[in-house]
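Below sits a lone chain in structure tokens, taken as the form predicted on its own.
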């Protein structure tokens, strides 16, 4: 094995953010596209919990948490300084914000999606709980173009897939919801070459067993 192997699911938000970080770090990996209902035995052998993304390094190390993959890649190469390397305080602020996204917000988002799908009476309750985090982001974006400042950061990449999910639960409501800065930020990220590259579709690895080089040559 030369390049690291990345097991990835196209529309998984955790896999999305890992792919974006790998692209920004200019890492070259062998991508193996999977589907949830048919997980490769090779993948389960190195990470029995069976969730993506999973990065299998050439030395045998397995990284199976998306944020860990992002930080690993950007610690190796961070040409755009997404980690705010000269600002330890900002880095800790990013990690705290991402932690809030990954726990309280994601839990409420899952409940909101479920309630919307099945037309349950508690839909509004869970959307309102999601809005605590949404309002926090809107306030940050009142002062700057990106979540942590005037340039892209780890936080933008880590949080983007979940804000995309939130907006998609009820698109009409989100358009009229009074979060103009967050809406603009979201549109800008979804139209970026980075996001479009990260969402490129590949044949399922179990169908072809062809190794796909995944990287972004930004010249």
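Quantities reported herein were computed from a predicted structural model and do not represent experimental measurements. Positions refer to the first chain, counted from 1.
The form predicted in complex with a small molecule is left out here; the points below concern that form.
J.: Mind telling me which stretch in 151-159, 47-55, 22-30, 180-188 gets its heavy atoms within 4.5 Å of the small molecule in the predicted complex?
T.: Selected range: 47-55.
J.: Is there a non-hydrogen atom of residue 65 within 4.5 angstroms of a non-hydrogen atom of the small molecule in the predicted complex?
T.: Output for residue 65 is yes: heavy atoms within 4.5 Å of the small molecule.
J.: In the predicted complex, does residue 14 come within 4.5 Å of the small molecule, counting heavy atoms only?
T.: Residue 14 belongs to the contact set for the small molecule.
J.: Heavy atoms within 4.5 Å of the small molecule in the predicted complex: does residue 61 have any?
T.: Heavy-atom contact with the small molecule at 4.5 Å: absent for residue 61.
J.: Is residue 164 close enough to the small molecule in the predicted complex to count, meaning some heavy atom within 4.5 Å?
T.: Taking the distances in the predicted complex, the answer for residue 164 is no, it never comes within 4.5 Å of the small molecule.
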